[in-house]
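First come two forms of one protein chain, each written alone as structure tokens, so that there is a structure 1 and a structure 2.
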Structure 1
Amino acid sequence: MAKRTPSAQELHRRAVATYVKAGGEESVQRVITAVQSLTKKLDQWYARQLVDLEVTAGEWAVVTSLAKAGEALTPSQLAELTNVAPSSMTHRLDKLAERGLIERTPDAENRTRIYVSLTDAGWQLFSVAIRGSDVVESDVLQDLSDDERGELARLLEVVIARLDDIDA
């Protein structure tokens, strides 16, 4: 007889119990374990979405970095934002340029500097991916009212504000 796969909720309860047994504070472990589980499950979905969009995780990191920056960036800035070596960034940019998702523009004041920006096709890819993600993310949050979503967002933003104060 095949073993039943435990539900996400059961896995969460077991993990919290294990961490509490080892000395962790229950309310802390409930929150952190929930955030980790949510992140893991969404990351699995995002990885499948990137395959469907024919974009690697590294290429997606470049697209999102450019979209979030709202301005052209240098390859060095992109390498730093995505935590890769500059030589790896050059390869990623070559692939994205071949697909017409980014364009490179020389700096008018410094001919050795190149700026990278999203093309219309790059923005379209970003938009398609975000709209697809929003459907799944909305499904995850469907049992919360708008007020509860707002409160959850507010509480998580308080926690995020503390991240800069923690030496990890």
Structure 2
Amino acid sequence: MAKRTPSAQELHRRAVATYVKAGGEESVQRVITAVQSLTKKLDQWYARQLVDLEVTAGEWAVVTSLAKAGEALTPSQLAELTNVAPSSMTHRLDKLAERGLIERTPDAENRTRIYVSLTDAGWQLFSVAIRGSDVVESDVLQDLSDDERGELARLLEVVIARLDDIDA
């Protein structure tokens, strides 16, 4: 390769500069860009871990959504939560059901509706994957003290509290 790959830090600086030049506000772009770069890098690591578990990113999104919800969800809700078309969910659930990770239960009260829930095997897969990724995530945050982590989390949570009020 002709040029050495620039550091993540350098890429971040360039990205912010580019967005500002294109008309973005600096104080906004510094935050948003940082969040995006972090997610992109994390996604690359998750992708590798998922290969080992023989689960696609889309299937994993379904498993985590169910785990986080703590209750059964419908295919449409899962499609919304995982940013995918409802029609795509059908096949995805088929594959997950084949592997015994989820199960579909018809709603007795509304026969157009189906509830999807994690099986024990699904929970087990979730737990194994989380413990694996927690190791990497821990490494990523190693330069932040406990106080700084708390402050970072607090600031992000302020932003999250605002999310529902926008657009609608």
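Between two forms, the rigid core is the largest collection of C-alphas that superpose within 1.5 Å. Computed from a predicted model, the values in this text were never measured in an experiment. For residue numbers, the reference is structure 1: its sequence is counted from 1.
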Original post:
Structure 1 or 2: which one is the form predicted on its own?
Top reply: 1
Original post:
With both forms fit on the core, has A67 moved 2 Å or more by CA between the two structures?
Top reply: no
Original post:
Superposing on the rigid core, is the CA of V28 displaced by 2 Å or more between the two structures?
Top reply: yes
Subject >> Core-aligned CA displacement of Q142 at least 2 Å between the two structures >> reply: no
Original post:
How much does the C-alpha of T112 move between the two structures, in Å, when the core is lined up?
Top reply: 5.6
**OP:** Once the rigid core is superposed, tell me how far the Cα of S76 moves between the two structures, in Å to one decimal.
**Re:** 3.2
